[in-house]
Structures are given as structure tokens and as C-alpha cells.
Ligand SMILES: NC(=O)c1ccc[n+]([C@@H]2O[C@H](COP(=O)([O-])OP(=O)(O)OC[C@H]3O[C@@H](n4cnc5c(N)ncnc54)[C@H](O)[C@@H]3O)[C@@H](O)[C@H]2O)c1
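A single chain comes next, written as C-alpha cells; it is the form predicted on its own.
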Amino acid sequence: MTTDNSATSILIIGAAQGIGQAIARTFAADHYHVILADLSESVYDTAQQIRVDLPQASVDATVLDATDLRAVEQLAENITELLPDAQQNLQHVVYSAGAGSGKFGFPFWNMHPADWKRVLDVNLMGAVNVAHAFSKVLRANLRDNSTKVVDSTLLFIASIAGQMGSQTDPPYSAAKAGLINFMQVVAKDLAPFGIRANAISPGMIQSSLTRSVWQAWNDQQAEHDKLDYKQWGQDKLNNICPLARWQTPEEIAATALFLASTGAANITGQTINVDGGIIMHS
């Protein structure tokens, strides 16, 4: 891209590793000012590594528990402290925090309802907290009551599990389905302000979450049915993915970069699947 994004800031929640980290790197490489937030203090190490790898990058970091509404509100109230210029506004917010149950949920009664709360809190309620707190920040970017700003966005990282009733981890699947539906509500409510909201649904990515799914499955198998992580993943891809290949965090990040750009100015309320064709819509 040739656009000068040096005066544009983005907050990425869940940025210490995985998809969130890839999104942070991609936006930093495209000269955005990037603010990394994560529950883990390793977010500071991630920010420092980005600075090392991209010496021209403008990066800040903070610890945040997105399931704590007051903590999210305080970050929103004080976000100018993490901006490089007092005259600059936060224009983009990405919610990339996620958590699975760590259990194999097929059939669903193998799990207990108590297994659901943390998964719902992280994947859905954290996103709700962020939308409530930061939609106010984004709305404040309006220059006056009659002018819409079409370059502010909210992006939620969902999952194809939320579109297919995945039996692997029912609370995760249900939470991501709720997230997609909530994103559509956000998109409708923020459209009068010219603020866009979308979701990206990754398919199968080699991540700590996917590995935990494999581990939970593998632990329940008879010895002769066990598969190593690589074979399990490839068998699954061969069965459900037309392109039969893993998706990568960098591919998700590239889609996120497009959705924040003026090239996507007419895209809102949409769920973009980056999944090798696992989910297809007419």
C-alpha cells in the first residue's frame, strides 16, 4: 500500500501471540501506530520484538483483561496516553482475544455447563465490553454533527466454528456465533456515524488453541487411534477443506488490513471467511 498511515492508530486486543500478533505486525509494517493489548504481560515482549524487527514501527503496549468492563473503560478513557500525538485519534479497534474450553465437546454432554462461562466471557463478553467502551471513542472522531468519518472501524476475529455448529468445542462455537451476530448489530448501530464493523472467520490455523483441541481429542482416543498433531490436522483438512491446506495468521492479518482501508469503505456487517473454502455461501 502507498497510503501514508503514520497518523493513523489501531488498538489490537489479544495481540501477544497468534492472529493478534500477526495483525499488529502487519499494521506496524504499513506504518500505522499500533497499540497492543493483552491479558499476558508478554505483550510487552511482543511489542519490543516488533520494534526490533521493524525499526521504523510506532508501537505501544498495555496489559488488559477484556472481560473486566471497568478495565476496558479505563483504557478507553485514557487511550490518548498511548497515542503518539495529542491531536491524533484512535481510528481502528480489533478484538482478537479468544479462548477454548480445553476439552473435547463431542457429544456436548461430555462437558458440564460450568465449562462454558470462561469461554463465553473471553470470546463474547470481552468483545461486548470493548464495543461499548470504544464505540464512544470512535464516535468522538466525528468532525461535526453532519460529517461522517468512514475510516473508523471495529473488527472482531470470529471463527468458522460459529457458522457450522462445530461439535469439537460447543461453548467456543456458540460464543463465536454470538460474536458474529453481535457484530451485525454493532455495524447497524454505528453505520449512521460512518463507522464500519466486520468480522473475520479463520479456518484451521496452527495455533495454541488448535493444538489444545487436538490434545483434548487425542487424550480420549484408544492407543491405536491416536494421531500426532501434524497427521490429525492434515486428515481434518483433507476431509473438510477444499484447498486442503492450513490457513495462516498472516493471511488473516492481510484481510484485516484491507478491511481497515478506504478500499473497504462500503463493507460493513460482513463476516469474511479465510478458511480455504470450508464454509461457502451463495
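Counting begins at 1, following the sequence as shown. This structure is a prediction, so every number in the text was calculated from the model and none was measured.
FYI, the form predicted together with the named molecule isn't displayed, but the following is about it.
Chemist: Does D65 reach the named molecule in the predicted complex if we count a contact as any heavy atom within 4.5 Å?
Modeler: Contact check for D65: yes, within 4.5 Å of the named molecule in the predicted complex.
Chemist: Given that the named molecule is not shown alongside this chain, does Q270 nevertheless sit within 4.5 Å of it in the predicted complex, heavy atom to heavy atom?
Modeler: Flag for Q270 set to no.
Chemist: Give a yes or no for Q91: in the predicted complex, does one of its heavy atoms lie within 4.5 Å of a heavy atom belonging to the named molecule?
Modeler: Close contact is absent here: in the predicted complex, Q91 is far from the named molecule, nothing within 4.5 Å, heavy atoms only.
Chemist: Would you classify A260 as touching the named molecule in the predicted complex, given a 4.5 Å non-hydrogen atom cut-off?
Modeler: So A260 does not count as contacting the named molecule.
Chemist: Of these, 37 to 45, 236 to 244, 220 to 228, 51 to 59, which stretch puts a heavy atom within 4.5 angstroms of the named molecule in the predicted complex?
Modeler: Checking each option against the 4.5 Å cut-off leaves 37 to 45.
Chemist: Kindly confirm or deny that I19, M204 and T210 each have some heavy atom within 4.5 angstroms of the named molecule in the predicted complex.
Modeler: Judged in the predicted complex, I19, M204 and T210 all sit within 4.5 Å of the named molecule.
Chemist: Of these, A127, A197, A175, I157, which has a heavy atom no more than 4.5 Å from the named molecule in the predicted complex?
Modeler: Exactly one residue meets the criterion: I157.
Chemist: Between 87 to 116 and the named molecule in the predicted complex, list the residues on our side with a heavy atom within 4.5 Å.
Modeler: Going through 87 to 116 in order - heavy atoms within 4.5 Å of the named molecule in the predicted complex - the hits are S96, A97, G98.
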